[in-house]
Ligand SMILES: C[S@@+](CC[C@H](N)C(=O)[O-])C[C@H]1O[C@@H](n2cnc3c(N)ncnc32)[C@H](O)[C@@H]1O
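Okay, so here's just one chain, in C-alpha coordinates, the form predicted alone.
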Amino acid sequence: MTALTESLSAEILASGPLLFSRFMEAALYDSQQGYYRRERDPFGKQGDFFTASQLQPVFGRLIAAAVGDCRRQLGDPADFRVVEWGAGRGEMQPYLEEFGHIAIDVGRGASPGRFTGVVFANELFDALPVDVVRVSGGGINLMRVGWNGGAFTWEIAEPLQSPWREYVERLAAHFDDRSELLIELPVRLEQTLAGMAEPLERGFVIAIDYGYTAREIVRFPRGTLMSYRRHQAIDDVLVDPGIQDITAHVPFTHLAGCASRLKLRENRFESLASFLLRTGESDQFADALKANDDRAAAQLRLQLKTLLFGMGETFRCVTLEKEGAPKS
(Lines give C-alpha, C1' and ligand atoms only; values in the text may rest on other atoms or scores of the structure.)
Protein backbone atom coordinates (compact mmCIF):
# COMPACT_ATOMS: atom_id res chain seq x y z
CA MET A 1 0.00 0.00 0.00
CA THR A 2 1.41 3.38 -1.00
CA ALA A 3 1.68 6.30 1.46
CA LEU A 4 -0.96 8.23 -0.48
CA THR A 5 -3.34 5.26 -0.41
CA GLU A 6 -2.88 5.10 3.35
CA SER A 7 -3.58 8.80 3.87
CA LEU A 8 -6.62 8.92 1.57
CA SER A 9 -8.14 5.75 3.03
CA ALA A 10 -7.64 7.16 6.53
CA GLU A 11 -9.36 10.38 5.46
CA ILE A 12 -12.34 8.39 4.14
CA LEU A 13 -12.59 6.29 7.32
CA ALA A 14 -12.50 9.47 9.43
CA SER A 15 -14.77 11.76 7.40
CA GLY A 16 -16.67 9.63 4.88
CA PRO A 17 -16.41 9.09 1.11
CA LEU A 18 -14.52 11.75 -0.85
CA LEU A 19 -15.57 13.82 -3.81
CA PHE A 20 -13.61 12.53 -6.79
CA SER A 21 -12.10 16.00 -7.32
CA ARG A 22 -10.45 15.69 -3.88
CA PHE A 23 -9.16 12.20 -4.77
CA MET A 24 -7.87 13.31 -8.19
CA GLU A 25 -6.21 16.43 -6.80
CA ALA A 26 -4.33 14.37 -4.21
CA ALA A 27 -3.46 11.65 -6.75
CA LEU A 28 -1.92 14.18 -9.14
CA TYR A 29 -0.75 17.10 -7.01
CA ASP A 30 -0.16 16.00 -3.40
CA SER A 31 3.00 17.85 -2.34
CA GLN A 32 4.81 14.64 -1.39
CA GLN A 33 3.15 11.73 -3.20
CA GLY A 34 1.25 13.26 -6.14
CA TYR A 35 1.87 11.91 -9.63
CA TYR A 36 3.24 15.24 -10.89
CA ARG A 37 5.36 15.74 -7.75
CA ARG A 38 7.24 12.45 -7.96
CA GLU A 39 10.87 12.37 -9.11
CA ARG A 40 10.11 10.02 -12.01
CA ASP A 41 9.62 11.85 -15.32
CA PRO A 42 6.10 11.02 -16.62
CA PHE A 43 6.83 12.16 -20.19
CA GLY A 44 8.36 10.48 -23.21
CA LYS A 45 9.46 6.98 -24.10
CA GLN A 46 10.58 6.04 -20.58
CA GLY A 47 7.54 7.65 -18.97
CA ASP A 48 3.81 7.04 -19.21
CA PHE A 49 2.73 9.16 -22.19
CA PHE A 50 3.79 11.59 -24.89
CA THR A 51 2.53 15.11 -25.47
CA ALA A 52 3.13 17.31 -28.49
CA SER A 53 5.82 19.14 -26.49
CA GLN A 54 8.07 16.09 -26.76
CA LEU A 55 8.04 16.35 -30.57
CA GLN A 56 10.90 18.82 -30.76
CA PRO A 57 12.09 20.90 -32.47
CA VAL A 58 9.15 20.95 -34.89
CA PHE A 59 6.41 21.63 -32.33
CA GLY A 60 8.41 24.34 -30.61
CA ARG A 61 9.25 26.05 -33.89
CA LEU A 62 5.63 26.08 -35.02
CA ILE A 63 4.34 27.40 -31.70
CA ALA A 64 7.03 30.09 -31.78
CA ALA A 65 5.84 31.06 -35.27
CA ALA A 66 2.24 31.29 -34.02
CA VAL A 67 3.34 33.42 -31.07
CA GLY A 68 5.27 35.67 -33.44
CA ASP A 69 2.08 36.15 -35.46
CA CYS A 70 0.25 37.12 -32.27
CA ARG A 71 2.94 39.67 -31.42
CA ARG A 72 2.61 41.26 -34.84
CA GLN A 73 -1.18 41.41 -34.49
CA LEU A 74 -0.70 43.28 -31.22
CA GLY A 75 1.61 45.84 -32.85
CA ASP A 76 4.95 44.43 -31.60
CA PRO A 77 4.63 45.83 -28.06
CA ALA A 78 7.87 46.18 -26.10
CA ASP A 79 6.44 44.43 -23.05
CA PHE A 80 5.25 41.34 -24.95
CA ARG A 81 5.54 38.12 -22.92
CA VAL A 82 4.58 34.46 -23.21
CA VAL A 83 3.35 32.75 -20.05
CA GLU A 84 3.18 28.96 -20.38
CA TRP A 85 0.87 27.13 -17.98
CA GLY A 86 1.60 23.44 -17.43
CA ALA A 87 5.17 23.82 -18.69
CA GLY A 88 6.16 20.28 -17.69
CA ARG A 89 9.89 19.68 -17.98
CA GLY A 90 10.46 22.84 -20.01
CA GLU A 91 10.70 21.63 -23.62
CA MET A 92 9.20 24.89 -24.92
CA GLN A 93 11.70 27.21 -23.22
CA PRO A 94 14.32 27.27 -26.03
CA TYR A 95 11.71 28.15 -28.64
CA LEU A 96 9.83 30.81 -26.66
CA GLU A 97 12.65 32.49 -24.74
CA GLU A 98 12.86 35.29 -27.33
CA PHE A 99 9.36 36.30 -26.23
CA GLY A 100 10.23 36.61 -22.53
CA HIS A 101 8.96 33.12 -21.74
CA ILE A 102 7.70 32.42 -18.21
CA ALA A 103 7.10 28.78 -17.23
CA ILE A 104 4.43 27.83 -14.68
CA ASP A 105 3.98 24.30 -13.47
CA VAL A 106 3.15 22.40 -10.30
CA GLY A 107 5.21 23.88 -7.48
CA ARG A 108 7.18 26.33 -9.61
CA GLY A 109 6.77 29.60 -11.43
CA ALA A 110 4.24 32.36 -11.02
CA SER A 111 2.38 34.60 -13.39
CA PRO A 112 3.93 38.06 -13.76
CA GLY A 113 2.15 41.30 -13.13
CA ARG A 114 0.00 42.79 -15.86
CA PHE A 115 1.36 42.00 -19.31
CA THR A 116 0.57 42.01 -23.02
CA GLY A 117 1.15 38.83 -24.94
CA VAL A 118 0.18 35.17 -25.04
CA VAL A 119 -0.86 32.63 -22.45
CA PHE A 120 -0.01 29.16 -23.80
CA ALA A 121 -1.19 25.81 -22.44
CA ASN A 122 -0.60 22.36 -23.93
CA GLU A 123 -2.62 19.58 -22.26
CA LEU A 124 -3.33 21.54 -19.12
CA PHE A 125 -7.12 21.38 -18.81
CA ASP A 126 -7.36 17.58 -19.13
CA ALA A 127 -5.37 17.25 -15.88
CA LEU A 128 -7.67 19.47 -13.79
CA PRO A 129 -9.59 17.67 -11.02
CA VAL A 130 -13.22 16.86 -11.85
CA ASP A 131 -16.21 15.50 -10.01
CA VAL A 132 -18.28 12.59 -11.33
CA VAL A 133 -22.07 12.32 -11.66
CA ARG A 134 -24.30 9.31 -12.33
CA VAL A 135 -27.51 9.83 -14.31
CA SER A 136 -29.92 6.91 -13.90
CA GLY A 137 -33.69 6.46 -13.81
CA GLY A 138 -34.35 10.16 -13.64
CA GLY A 139 -31.94 10.63 -10.73
CA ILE A 140 -28.74 12.68 -10.88
CA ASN A 141 -26.30 11.83 -8.09
CA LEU A 142 -22.72 12.63 -7.25
CA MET A 143 -20.32 9.71 -7.17
CA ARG A 144 -17.87 9.63 -4.28
CA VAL A 145 -14.80 7.54 -3.53
CA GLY A 146 -15.15 5.08 -0.65
CA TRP A 147 -12.84 2.52 0.95
CA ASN A 148 -14.05 -1.07 1.20
CA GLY A 149 -12.24 -4.38 1.43
CA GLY A 150 -8.83 -2.74 1.20
CA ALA A 151 -9.58 -0.93 -2.06
CA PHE A 152 -11.03 2.37 -3.26
CA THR A 153 -14.57 2.00 -4.61
CA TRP A 154 -17.19 4.15 -6.29
CA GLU A 155 -20.24 5.00 -4.17
CA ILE A 156 -23.49 6.63 -5.26
CA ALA A 157 -23.89 9.69 -3.05
CA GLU A 158 -26.14 12.72 -2.64
CA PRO A 159 -28.36 14.21 -5.36
CA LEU A 160 -26.60 16.83 -7.44
CA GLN A 161 -27.61 20.43 -6.75
CA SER A 162 -27.67 23.55 -8.92
CA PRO A 163 -25.93 25.00 -10.85
CA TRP A 164 -24.15 21.81 -11.89
CA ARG A 165 -27.46 19.97 -12.09
CA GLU A 166 -28.51 22.15 -15.04
CA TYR A 167 -25.12 21.54 -16.66
CA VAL A 168 -25.63 17.76 -16.46
CA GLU A 169 -29.23 17.97 -17.68
CA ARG A 170 -28.15 19.88 -20.78
CA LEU A 171 -25.51 17.26 -21.62
CA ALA A 172 -27.73 14.29 -20.79
CA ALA A 173 -30.36 15.62 -23.22
CA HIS A 174 -28.06 14.69 -26.11
CA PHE A 175 -28.35 10.96 -25.30
CA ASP A 176 -31.24 8.82 -26.58
CA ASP A 177 -30.62 6.25 -23.85
CA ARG A 178 -30.31 7.90 -20.44
CA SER A 179 -30.79 4.75 -18.36
CA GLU A 180 -27.26 5.10 -16.95
CA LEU A 181 -24.71 7.76 -17.79
CA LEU A 182 -21.52 8.98 -16.17
CA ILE A 183 -20.61 12.62 -16.70
CA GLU A 184 -17.68 14.59 -15.33
CA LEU A 185 -18.07 18.05 -13.82
CA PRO A 186 -15.21 20.43 -14.75
CA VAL A 187 -15.25 22.04 -11.32
CA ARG A 188 -11.79 23.68 -11.59
CA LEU A 189 -11.88 24.82 -15.21
CA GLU A 190 -13.31 28.33 -14.91
CA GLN A 191 -11.20 29.17 -11.87
CA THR A 192 -8.05 28.03 -13.70
CA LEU A 193 -8.88 29.92 -16.88
CA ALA A 194 -9.58 33.04 -14.82
CA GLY A 195 -6.18 32.76 -13.16
CA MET A 196 -4.51 32.40 -16.55
CA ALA A 197 -6.30 35.36 -18.11
CA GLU A 198 -6.48 37.81 -15.20
CA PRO A 199 -2.96 39.32 -15.57
CA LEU A 200 -3.29 39.45 -19.36
CA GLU A 201 -4.08 43.06 -20.25
CA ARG A 202 -4.23 42.46 -23.97
CA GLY A 203 -3.45 39.44 -26.08
CA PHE A 204 -4.30 35.81 -26.60
CA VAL A 205 -4.83 32.53 -24.80
CA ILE A 206 -3.82 29.50 -26.91
CA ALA A 207 -4.84 26.14 -25.44
CA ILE A 208 -4.25 22.71 -27.00
CA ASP A 209 -6.06 19.70 -25.58
CA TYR A 210 -8.38 16.78 -26.31
CA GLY A 211 -12.07 16.77 -25.49
CA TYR A 212 -15.58 17.12 -26.84
CA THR A 213 -18.26 19.65 -27.65
CA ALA A 214 -21.70 19.29 -26.07
CA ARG A 215 -23.02 17.47 -29.15
CA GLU A 216 -20.06 15.10 -29.18
CA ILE A 217 -20.62 13.88 -25.62
CA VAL A 218 -22.78 11.05 -27.02
CA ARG A 219 -19.48 9.26 -27.70
CA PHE A 220 -18.89 8.96 -23.94
CA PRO A 221 -21.89 7.46 -22.12
CA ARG A 222 -19.52 6.09 -19.45
CA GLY A 223 -17.56 9.29 -19.08
CA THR A 224 -14.02 10.05 -20.18
CA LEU A 225 -11.89 9.39 -17.10
CA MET A 226 -8.78 7.38 -17.88
CA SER A 227 -5.43 6.56 -16.32
CA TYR A 228 -2.12 5.94 -18.08
CA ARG A 229 0.94 3.98 -17.00
CA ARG A 230 3.83 2.91 -19.20
CA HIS A 231 1.89 4.02 -22.28
CA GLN A 232 -1.00 1.72 -21.42
CA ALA A 233 -4.55 3.00 -20.89
CA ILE A 234 -6.12 1.87 -17.61
CA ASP A 235 -9.87 2.09 -17.00
CA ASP A 236 -9.70 1.93 -13.19
CA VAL A 237 -8.70 5.45 -12.11
CA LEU A 238 -8.95 4.57 -8.40
CA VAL A 239 -6.02 2.14 -8.38
CA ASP A 240 -2.67 3.26 -6.92
CA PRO A 241 -3.25 7.02 -6.57
CA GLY A 242 -0.03 8.91 -7.23
CA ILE A 243 1.47 6.12 -9.33
CA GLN A 244 -0.55 6.57 -12.54
CA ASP A 245 -1.82 9.59 -14.45
CA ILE A 246 -5.52 10.52 -14.38
CA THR A 247 -7.15 12.56 -17.16
CA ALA A 248 -10.60 13.70 -18.23
CA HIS A 249 -11.57 15.05 -21.64
CA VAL A 250 -12.09 18.80 -21.85
CA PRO A 251 -15.71 19.97 -22.36
CA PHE A 252 -15.04 22.60 -25.01
CA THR A 253 -18.57 24.03 -25.05
CA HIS A 254 -18.27 24.72 -21.33
CA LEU A 255 -14.80 26.17 -21.86
CA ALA A 256 -16.25 28.59 -24.41
CA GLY A 257 -18.93 29.63 -21.92
CA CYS A 258 -16.32 30.22 -19.22
CA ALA A 259 -14.26 32.29 -21.65
CA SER A 260 -17.25 34.45 -22.52
CA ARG A 261 -17.97 35.15 -18.84
CA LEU A 262 -14.33 36.15 -18.42
CA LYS A 263 -14.55 38.60 -21.35
CA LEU A 264 -12.41 36.42 -23.59
CA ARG A 265 -13.51 36.32 -27.21
CA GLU A 266 -13.16 32.99 -29.05
CA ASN A 267 -11.18 33.66 -32.22
CA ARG A 268 -10.82 30.07 -33.37
CA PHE A 269 -11.75 26.57 -32.35
CA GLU A 270 -10.09 24.10 -34.68
CA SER A 271 -8.21 20.86 -34.90
CA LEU A 272 -4.53 20.91 -33.99
CA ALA A 273 -3.81 19.93 -37.59
CA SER A 274 -5.65 23.00 -38.88
CA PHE A 275 -3.83 25.27 -36.43
CA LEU A 276 -0.42 23.91 -37.40
CA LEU A 277 -1.15 23.92 -41.14
CA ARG A 278 -2.24 27.55 -40.95
CA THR A 279 0.86 28.42 -38.95
CA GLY A 280 3.28 26.71 -41.31
CA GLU A 281 1.69 27.61 -44.64
CA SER A 282 3.51 30.96 -45.06
CA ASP A 283 6.82 29.22 -45.78
CA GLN A 284 5.55 25.70 -46.44
CA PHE A 285 7.07 24.54 -43.13
CA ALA A 286 10.58 25.50 -44.25
CA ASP A 287 11.59 26.94 -40.87
CA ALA A 288 9.99 24.12 -38.92
CA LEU A 289 11.83 21.48 -41.00
CA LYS A 290 15.21 23.19 -41.21
CA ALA A 291 17.92 20.57 -40.65
CA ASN A 292 21.69 20.15 -40.95
CA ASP A 293 21.65 16.82 -42.75
CA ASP A 294 19.40 14.28 -44.45
CA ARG A 295 18.99 12.11 -41.37
CA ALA A 296 17.89 15.05 -39.23
CA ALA A 297 15.58 16.21 -42.01
CA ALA A 298 13.90 12.79 -42.08
CA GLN A 299 13.39 12.91 -38.31
CA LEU A 300 11.80 16.35 -38.54
CA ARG A 301 9.44 15.24 -41.31
CA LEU A 302 8.37 12.33 -39.10
CA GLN A 303 7.71 14.72 -36.22
CA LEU A 304 5.56 16.90 -38.45
CA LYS A 305 3.66 13.88 -39.76
CA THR A 306 2.97 12.73 -36.19
CA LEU A 307 1.72 16.19 -35.23
CA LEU A 308 -0.52 16.58 -38.27
CA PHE A 309 -1.88 13.05 -38.60
CA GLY A 310 -1.11 11.23 -35.35
CA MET A 311 -2.31 14.01 -33.05
CA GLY A 312 -3.75 16.52 -35.46
CA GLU A 313 -7.38 15.41 -35.52
CA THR A 314 -7.52 14.08 -31.95
CA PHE A 315 -6.40 17.33 -30.36
CA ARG A 316 -8.12 20.71 -30.66
CA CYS A 317 -6.73 24.21 -30.42
CA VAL A 318 -8.71 27.06 -28.87
CA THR A 319 -7.54 30.63 -29.44
CA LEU A 320 -9.12 33.25 -27.19
CA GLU A 321 -8.53 36.98 -27.35
CA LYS A 322 -8.54 39.53 -24.56
CA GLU A 323 -8.98 43.00 -25.93
CA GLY A 324 -7.73 46.15 -24.27
CA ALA A 325 -6.39 49.55 -25.17
CA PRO A 326 -2.80 49.51 -26.43
CA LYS A 327 -0.34 51.17 -24.05
CA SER A 328 0.77 54.61 -25.14
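No experiment lies behind these values; they were computed from the predicted model shown. So that there is no doubt, residue numbering starts at 1 and follows the sequence shown.
This protein has a second form, the form predicted together with the named molecule, left out of what is shown; the following refers to that one.
- Taking the partner from elsewhere, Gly86 is found to have a heavy atom lying within 4.5 Å of the named molecule in the model of the complex.
- In the model of the complex, none of the heavy atoms of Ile183 sits within 4.5 Å of a heavy atom of the named molecule.
- Contact between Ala214 and the named molecule in the model of the complex is not found at the 4.5 Å heavy atom cutoff.
- The named molecule is not drawn, but in the model of the complex it has a heavy atom within 4.5 Å of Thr192.
- The three residues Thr51, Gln54 and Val106 all sit with a heavy atom within 4.5 Å of the named molecule in the model of the complex.
- Of the candidate stretches 68-76, 116-124, 173-181, 254-262, only 116-124 has residues whose heavy atoms lie within 4.5 Å of the named molecule in the model of the complex.
- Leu128 is the sole member of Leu128, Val250, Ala207, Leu200 with a non-hydrogen atom lying within 4.5 angstroms of the named molecule in the model of the complex.
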